[in-house]
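Coming up is one lone chain in structure tokens, specifically the form predicted alone.
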Amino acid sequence: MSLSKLLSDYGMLIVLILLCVFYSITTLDEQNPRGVDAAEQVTQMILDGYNTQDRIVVVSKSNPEHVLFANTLLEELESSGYQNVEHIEGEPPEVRSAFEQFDSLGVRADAVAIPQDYSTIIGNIKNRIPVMSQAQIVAPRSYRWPTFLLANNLRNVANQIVVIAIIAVGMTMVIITAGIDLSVGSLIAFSAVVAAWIIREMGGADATLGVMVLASVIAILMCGLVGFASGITITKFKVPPFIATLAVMLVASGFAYIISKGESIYEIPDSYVWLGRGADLFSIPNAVVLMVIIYVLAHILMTRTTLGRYIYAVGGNPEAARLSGIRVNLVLLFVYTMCGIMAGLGGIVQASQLKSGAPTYGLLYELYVIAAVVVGGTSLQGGEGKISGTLIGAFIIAVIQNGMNLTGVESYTQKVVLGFVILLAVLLDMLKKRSWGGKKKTVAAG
């Protein structure tokens, strides 16, 4: 395989890998396990160094991270057969008081299990209490590892890009047909507001699962109808896609404000966050699982079906596609409708993540979506692009944003960097087109 072919087919994937390597190196740091990870490490240390008859004292504060550590550790030790386990929760004065009570009763501890950020303070208190002074502090050990590659950070990267990536599926189809859809950001807000409004009117915080599903489906279908209307405007009235979808963007945003009366809608059941915040499959966020399923189906559609070939044909040369019997207008109606549906689904995911619906959602998302598609290798001139490339493009943007956050780059600079990334992707696409055009002309002349 030639270098040019390799870069053409896998260039963006190579860029994504290099970005991950770069941010892995630049975020290499001392890591302190917290929560469940810390508890699991301490559990193993106790299992290796203490028997089930030893007295273990678990010390923690009352903040959520310490509570998670303590609860997990207590459960693990109990399931491992440790009977003499006590838990002290509180600030240093309360811990000191508990230790002094041990001293007055002559109760000796063999180990004090504690989160790392609390170990120094409690260690000093322990050393001043005679009966506790011989107890060993058991705290998580720090280790060097890239912050970027921490499991929680990687899950956050995937979870944060979900809405953009889902909408980018529909946008990829639109751009392959040499179109554009600027309304997707407003449709996110429209979908979230419509779903939240229906849920509020049909039970609010006490709404049933059926109501939540119905509200979400209605919101997605309404966004599909908006996309269909954009398609009609473009195909029947020959309005340029940029103008048609710009108008729809304003209309959808306006309706979102009218329905919500300019305010966020919070009267939603707690269970509505299942899609946006849940993680039922190997701790992978449910929204990420949904995104993967959508990309698999979209990839099959674009590479294994007649409709997929029609979409590429319309983008490559609409007149030639029409003369070959392809119903160009129907293809365009499909892609704009699908783009609306994906935007509606993105709005539902965001409403689930934030447990509310607001007319301010989706601000500038259309730019990030288009950026993901372009960076992923889809040509703005139409006829070329891959669904898998769009997913890679979405992750490139997410990795750059996340990496800059981790390395302390200010938000204004981040916008400059992302702007240059998008511009570079477009310039590379233009250069590739010119290069191929030159080769074709040379062959024809020969």
Partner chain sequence: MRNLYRLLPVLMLALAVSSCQTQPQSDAVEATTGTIGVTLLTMTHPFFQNLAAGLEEAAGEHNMAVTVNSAEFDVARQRNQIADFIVQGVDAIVMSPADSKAIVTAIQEANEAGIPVFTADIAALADGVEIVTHIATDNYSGGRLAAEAVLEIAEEAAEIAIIDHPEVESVIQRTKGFHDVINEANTNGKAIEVVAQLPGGGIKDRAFRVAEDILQAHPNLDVIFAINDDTALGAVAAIEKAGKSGTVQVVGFDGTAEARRAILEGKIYADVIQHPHQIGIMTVESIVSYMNGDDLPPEQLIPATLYRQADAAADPILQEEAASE
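So that the term is clear: the rigid core is the largest set of C-alpha atoms that superpose within 1.5 Å between two forms. Numbering follows the first chain given and starts at 1. None of the values given here were measured: they were computed from a predicted structure.
The same protein also exists as the form predicted together with the partner chain; that form is not shown, yet it is the one meant from here on.
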* Structure fact -> If we test each of N71, N317, N127, Q160 for a heavy atom within 4.5 Å of the partner chain in the predicted bound form, the one that passes is Q160
* **Heavy atom within 4.5 Å of the partner chain in the predicted bound form - the one residue of Q381, T52, T407, Q44 that qualifies** => T407
* To do: With heavy atoms only and a cut-off of 4.5 Å, decide whether R322 touches the partner chain in the predicted bound form.
  => no
* Asked: Would Y365 count as a contact of the partner chain in the predicted bound form, using a 4.5 angstroms cut-off between non-hydrogen atoms?
  -> yes
* Asked: Is there a non-hydrogen atom of Q350 within 4.5 angstroms of a non-hydrogen atom of the partner chain in the predicted bound form?
  -> yes
* Would K61 count as touching the partner chain in the predicted bound form under a 4.5 Å heavy atom rule? -> yes
* Should the three residues T147, L424 and L428 be counted as contacting the partner chain in the predicted bound form, with contact defined as a heavy atom within 4.5 Å for each? -> yes
* Structure fact -> Only one of 212-220, 106-114, 86-94, 233-241 sits within 4.5 Å of the partner chain in the predicted bound form by heavy atom distance, namely 86-94
* Asked: Who in 246-273 is close to the partner chain in the predicted bound form, meaning a heavy atom within 4.5 Å?
  -> Y257, G262, E263, S264, Y266, V273
* Does V95 count as moved between the shown form and the other one, where moved means a C-alpha shift of 2 angstroms or more after fitting the rigid core? -> yes
* **Large Cα move at K386 between the shown form and the other one, threshold 2 Å, rigid core** => no
* Against the shown form, C-alpha atoms of I121 and P146 in the predicted bound form: closer or farther, for a change of 3 Å or more? -> closer
